[in-house]
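Shown next as structure tokens: one chain only, the form predicted on its own.
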Amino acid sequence: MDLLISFLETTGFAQMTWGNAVMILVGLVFIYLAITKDYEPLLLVPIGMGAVVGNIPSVESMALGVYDDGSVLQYIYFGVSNGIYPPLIFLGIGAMTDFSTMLSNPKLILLGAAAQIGIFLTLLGALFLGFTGPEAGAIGIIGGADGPTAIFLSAKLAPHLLGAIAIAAYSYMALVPVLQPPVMYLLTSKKERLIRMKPPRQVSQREKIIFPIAGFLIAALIAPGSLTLVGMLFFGNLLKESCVTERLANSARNAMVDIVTILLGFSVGASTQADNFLTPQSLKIFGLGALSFIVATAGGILFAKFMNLFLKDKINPLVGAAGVSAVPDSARVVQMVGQKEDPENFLLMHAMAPNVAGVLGSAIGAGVLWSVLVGG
């Protein structure tokens, strides 16, 4: 009987807390949304399963969790906590990104820049709520709607908040089809949503090759802190556009990015252990994250309306919503909302311009925040 009692005391059932149960339920909800609603399944399935695994309680002397020295999960989580996985994700993103639409209509880059207002307003909001400067900077980057960038910056500025920031960033990325349309309808009229834009011009191969080199030099010199993310993004794009390294580009955008996504998503989910995750700070981070995403969407739309005051060839303001860097989901939402008004209006290619510009904007914004706030 003593052996039986000892065994029962070591089971997860005996050690389960309400917090563990809540986080396991959250993980199951993520899996449900991924499978039934198709909300970013490549992210939410690993994160959801990781949250379930990370919240199974175990004996304290057993090194099993991501925060336990020597555990397998800690070694996998090392790539998150030290900012290794995000640059590898950016390499894959670069290898699958076509900057042609952005190069064909450079003024749309401004929409990607305008959407980054969500980052800096959220930073101010976090400071107002009592977070330190580095913590506020790490929270603010959620407004860029870029999970890898949020992980990279929080690992540098506020590693103790990394789990909450990562989950918030990826959650809102997955909820793009839910969060963005109400803002888009609220800030645009039917007449504006019906605007048709000229087809993008043909971009030469030479332009495509020169851009990643020139773009990297400009971005890295403006914000050296963005060097790692922007460098890997443009390196991946150069592999794609050079046409002589197709094997490397194919590996980067397929096998490698898939492997890294699995490891990153699962280990981030496993880091949401209830005792570390269910805190008042986490609730504030989720609230600020939702606000920042809405502000970023509104910033892109309103700036497009402002630009139309001076442009002969008008921009459909819906395209401004794609300025957040949730690639390509924001661009798809723009296409979806636009075609509800006019089934013959194709906005996807136009929306991809601010969408990829938003990726650059969030990476540069992270570099600026890192440079300014490190040690702050």
Partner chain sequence: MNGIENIMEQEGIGLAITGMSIVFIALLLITFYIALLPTLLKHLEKILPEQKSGHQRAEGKESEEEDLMVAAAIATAFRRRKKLKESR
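Positions refer to the first chain, counted from 1. Please read these numbers as outputs of a predicted model, since none were measured by experiment.
Just so it is clear, the following notes concern the form predicted together with its partner chain, a form of the same protein that is not shown.
- Contact with its partner chain in the predicted complex, judged by any heavy atom within 4.5 Å, is made by just one of Tyr185, Phe120, Phe286, Phe78: Phe120.
- The single contact residue among Ile151, Val268, Ala174, Ala114, judged by any heavy atom lying within 4.5 Å of its partner chain in the predicted complex, is Ala114.
- Only one listed stretch (100-108, 259-267, 163-171, 86-94) carries heavy atoms within 4.5 Å of its partner chain in the predicted complex, and that stretch is 100-108.
- In the predicted complex, no heavy atom of Ala255 sits within 4.5 Å of its partner chain.
- Contact between Ile294 and its partner chain in the predicted complex is not found at the 4.5 Å heavy atom cutoff.
- At a distance threshold of 4.5 angstroms between non-hydrogen atoms, Ile210 is in contact with its partner chain in the predicted complex.
- Though the partner is left out of this view, Gly70 does not reach within 4.5 Å of its partner chain in the predicted complex, counting heavy atoms only.
- Residues are counted as partner-facing when one of their heavy atoms sits within 4.5 Å of its partner chain in the predicted complex; in 331-364 these are Gln339, Pro343, Glu344, Ala357, Leu360, Gly361, Ile364, in sequence order.
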